[in-house]
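Next comes just one chain, in structure tokens: the form predicted on its own.
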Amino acid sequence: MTQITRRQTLKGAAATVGVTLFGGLGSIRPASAATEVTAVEWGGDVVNAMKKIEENQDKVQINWVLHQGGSGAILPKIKATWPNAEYDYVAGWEGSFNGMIKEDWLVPVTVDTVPNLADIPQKIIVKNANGDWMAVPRAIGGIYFAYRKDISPIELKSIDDLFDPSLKGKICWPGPTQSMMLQIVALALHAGGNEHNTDPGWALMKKLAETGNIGRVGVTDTDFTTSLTSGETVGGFYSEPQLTAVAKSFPVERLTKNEGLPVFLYQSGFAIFKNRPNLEATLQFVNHSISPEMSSVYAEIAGEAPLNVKAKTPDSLKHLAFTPEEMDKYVYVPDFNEVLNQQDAWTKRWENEIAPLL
């Protein structure tokens, strides 16, 4: 984990958004001024968005800590120190949330404790076996194939195109700590398997590694963004925030509605931890973060579509808007419990079978 200090304020249109601080908090008592909360977030535009949200209130001061690798990579670190939690909230998604719920680390949330949850679709809220709400969603993003149209030697239309010789060294591919290894599930689906039968995906992964087309293995969000921005690579498999900054300057083709190229949707949100002294301040900040105004700010900067129904969705995120028919046709919803349970085995398989070929 890498701890960082506050960066300079990100400039842009979002800076002009007006905010009402911690309005309508119901039964939550106000936190004292500048209460310190330790929060785990991703880097790049995601943490920039959250710093902008922090700047638009004065009740809480955030001690920012960055994820290293995928969100699931933090689970062993937390387990090693439990029950002495080091973090007030940890940003994550369905996969990592399910792991935290199994360990019974999290504080349940309700509309009473996080009032803005009333404007979040309930069906997307992660629940435990008893139906309790166990995480606070803030936005929805995608994990999918994409490429830069201006520099790619070919038009990517299918997974088979990844094997084209013209893409030698031009593909950026996630490492084993990225994207919950859904890249292997995507290959497995193409080859007739799924998350429960990934052997076809591993066979295809091995063939792709042997082509030499993978020029960069991404370990952090910055790896993906820098590689695509610099033109070192032209395309690959990405999660939403990794493309946001690139798409502001270059023509990025997001392949979210192409048959044969599965897109995985995920929610980004907050897991709030037990055994922490500043629970009320954490709940207040989380509630502030998912307000309509701050949800719009987050969407503009981080590049994930807001879940608050009263927030404005930028035109730049229309690729994440699906009709029910499109959802059935293009979006694949994996068994996240299976995906999570297989992380260690899949990581070892990557290191033993794939890494030596790269």
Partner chain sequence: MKPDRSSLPLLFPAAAVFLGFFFLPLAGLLVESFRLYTPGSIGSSADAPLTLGNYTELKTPAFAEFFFETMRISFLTSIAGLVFALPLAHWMTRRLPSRWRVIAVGFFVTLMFLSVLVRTYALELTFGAAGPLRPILLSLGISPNGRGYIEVLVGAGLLHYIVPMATLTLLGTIQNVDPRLFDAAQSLGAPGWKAHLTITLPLSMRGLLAAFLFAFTFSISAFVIPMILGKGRVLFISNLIYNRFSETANYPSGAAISIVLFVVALAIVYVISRQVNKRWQP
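Numbering follows the first chain given and starts at 1. The structure presented is a predicted model; accordingly, all values stated were derived computationally and were not measured. Superpose the two forms; the largest set of C-alphas matching within 1.5 Å is the rigid core.
In what follows, reference is made to the form predicted in complex with the partner chain, a form of this protein that is not presented.
Comment: the partner chain is not present in this chain, but in the model of the complex one of Val217, Val107, Ile159, Ala203 has a heavy atom within 4.5 Å of it, namely Val217. Taking a 4.5 Å heavy atom cutoff to the partner chain in the model of the complex, the contact residue among Gly72, Pro262, Gly235, Pro241 is Gly72. At a distance of at most 4.5 angstroms from the partner chain in the model of the complex, none of the three residues Lys123, Asn128 and Asp328 contributes a non-hydrogen atom. Contact annotation: the partner chain lies within 4.5 Å of heavy atoms from the stretch 163 to 171 in the model of the complex, the single such stretch among 143 to 151, 246 to 254, 284 to 292, 163 to 171. In the model of the complex, the partner chain stays beyond 4.5 Å of every heavy atom belonging to Glu210. Put simply, Gln61 is far from the partner chain in the model of the complex: not one heavy atom of it is within 4.5 Å. Contact between His196 and the partner chain in the model of the complex is not found at the 4.5 Å heavy atom cutoff. For the chain shown alone, Asp335 is not a contact residue for the partner chain in the model of the complex, no non-hydrogen atom being within 4.5 angstroms.
Residues of 333 to 358 that come within 4.5 Å of the partner chain in the model of the complex, judged by any heavy atom, are Asn341, Gln343, Asp344, Thr347, Lys348, Glu351, Asn352, Ala355, Pro356, Leu358 in sequence order. Comparing the forms between this form and the one not shown on their rigid core, the Cα displacement of Ser166 stays under 2 Å.
Core-aligned CA deviation for Glu210 between this form and the one not shown: less than 2 Å.
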